[in-house]
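Only one chain is shown below, in structure tokens, and it's the form predicted on its own.
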Amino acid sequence: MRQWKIIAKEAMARASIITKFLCVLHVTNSYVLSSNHVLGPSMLPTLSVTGDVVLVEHISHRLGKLGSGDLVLVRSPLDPKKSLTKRIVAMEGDKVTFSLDPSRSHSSRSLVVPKGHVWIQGDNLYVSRDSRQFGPLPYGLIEGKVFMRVWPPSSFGFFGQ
């Protein structure tokens, strides 16, 4: 019977270590740093069509340290199950001029980004679904700032302004 107590105590100790590790992993992934696989042509030439793995930090947007030109990971306002990687073009209070469909029309519209919102666009304007279709993005949908590409190895490095 004593042997079972020792085995049970050892199993509980190991389960406790595993549980603590998983909690730290969850907190780190959700609130500090995570990786994200980005696919599609909307961010060409900055990101490739075949897919890049990028690192996303989740602190800057909580501290209000984002600005125009930053790459961000955002929750899609059209489908909350999806995340999008886009570039911030304008912050709240900025005036933005845009064309709804640059391939078919040269007409443009202007608006001022409302308080608590940002204007995001893909680098490849011809195929990107972004603020030109769904309007200014609420700041609360920003999940983090993309700061580094880690895959493919030939493109490894930090994103500059």
Partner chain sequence: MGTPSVLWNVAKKCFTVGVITLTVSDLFASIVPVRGASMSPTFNPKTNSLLDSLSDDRVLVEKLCLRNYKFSHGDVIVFSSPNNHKEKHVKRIVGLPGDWVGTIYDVVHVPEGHCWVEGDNSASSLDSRSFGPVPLGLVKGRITHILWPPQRVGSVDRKIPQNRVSSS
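Positions refer to the first chain, counted from 1. Bear in mind the structure is a predicted one, so any value in this text is a computation, not a measurement.
Missing here is the form predicted in complex with its partner chain; even so, the following discussion is about that form.
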property	result
Partner-proximal stretch of 122-130, 23-31, 96-104, 47-55 relative to its partner chain in the predicted complex, 4.5 angstroms, heavy atom	23-31
Close approach of Lys115 to its partner chain in the predicted complex, 4.5 Å, heavy atom	yes
In the predicted complex, Phe147 touching its partner chain (heavy atom, 4.5 Å)	no
Contact test in the predicted complex: Pro152 vs its partner chain, heavy atoms, 4.5 Å	no
Arg75 within 4.5 Å of its partner chain in the predicted complex, heavy atoms	yes
Residues of 80-96 having any heavy atom within 4.5 Å of its partner chain in the predicted complex, listed in sequence order	Pro80, Lys81
